[in-house]
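Below you'll find only one chain, the form predicted on its own, shown as structure tokens.
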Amino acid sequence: MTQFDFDTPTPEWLRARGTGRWHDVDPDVIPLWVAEMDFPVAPAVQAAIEDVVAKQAYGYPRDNGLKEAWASWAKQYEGLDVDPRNVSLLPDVLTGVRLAIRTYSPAGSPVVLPSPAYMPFWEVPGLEHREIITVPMISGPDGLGTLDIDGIEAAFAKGARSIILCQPYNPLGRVFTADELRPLADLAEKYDAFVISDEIHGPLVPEGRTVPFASVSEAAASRSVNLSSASKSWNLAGLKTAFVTFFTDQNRQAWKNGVHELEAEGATTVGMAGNLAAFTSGQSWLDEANAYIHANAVWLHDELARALPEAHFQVPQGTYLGWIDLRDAGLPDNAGSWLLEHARIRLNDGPTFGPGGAGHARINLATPRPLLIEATGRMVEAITHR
């Protein structure tokens, strides 16, 4: 028996929200692209936000216990030891990625980026005047891909001194194991490199739990920071609150010395309240949301296998994002754009994720099942009768 209803949001209700996912498409398009959920916000989180509004607490934010709440949640649900004193607030994870590149790697050194990769990761290193060394993912468990450790070592040997890790991995939906992550930590130690671990999707694991990079070894903890937020898992991205976690005093001090407080400023009063409520009172909602998203993924896998077997889709292990391989379906490299034109559904175009993305599309599974069914039907119809 479920406590929350994820089936009922209608396109009219979702468009009325006015957020990017539904705002930026024509009325006849089903949008399954931008990483926003189509679900009502967790009641506990909504209540906390409404409390801020009722109090008209729109001034400058101050400590509300969020760091302690994150530490407690991370220990219970991820097995990660966090000292609240080693947590610093940010407006968003991408700001943290940029500042970590600058703080923990030599000026001008390249940044390693596994590919396909979350689209903004292709832009952030350039803001710090860094080149990117692309290392494509290789075949891994369940067909979802894994890190190319040899390729990463070659990039470090060429002079790269940092790598952007996404765990769980967007867009492929992998949740890397400790055995996959330890060799990366060993390489970071060998080459005096640093791992910038974006773990914002960490709570979005329907079975088991994610493996935080810093938890796999002492080398991993000493040569990484963890960047996270409740924003993806509880659908709060517009509230601009995130945080960076350090695991050594040295790394905390390096951040303090290298990052001016104005560069990291921007967490909001409302966002901090929403994040606090998510980590303290939002787990039951998240558990059901994860189960619903996973059921959507299983349904999509089975339906494509039945109705469109030339489209290859593996159920993701984490995130609410799926990666569809449409190359055998005869679609062009920009399969997402083709589907927008011919099926009136909007997915993310694979090439925007970099090498390895051609002929693929990323689909957002955090949507009511009726919308997913209609969108999949449109996809099958358009491809079958093209």
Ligand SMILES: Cc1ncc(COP(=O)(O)O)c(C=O)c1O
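Numbers for residues come from their place in the sequence shown, where the first is 1. The model shown is predicted, which means the values in this text are computed figures rather than measured ones.
Quick note: we don't show the form predicted in complex with the named molecule, though the next part is all about it.
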property	result
Residue 153 within 4.5 Å of the named molecule in the model of the complex, heavy atoms	no
Residue 100, heavy atom within 4.5 angstroms of the named molecule in the model of the complex	no
Residue contact check: residue 93 to the named molecule in the model of the complex, 4.5 Å heavy atom	yes
Partner proximity in the model of the complex: residue 232 to the named molecule, non-hydrogen atom cutoff 4.5 Å	yes
Contacting member of 48, 339, 35, 326, with respect to the named molecule in the model of the complex [4.5 Å, heavy atom]	35
Interface residue in the model of the complex among 285, 118, 279, 292, criterion: non-hydrogen atom within 4.5 angstroms of the named molecule	118
Proximity to the named molecule in the model of the complex (heavy atom, within 4.5 Å), stretch among 193 to 201, 108 to 116, 294 to 302, 207 to 215	193 to 201
Interface residues of 141 to 166 toward the named molecule, as seen in the model of the complex [heavy atoms, 4.5 Å]	166
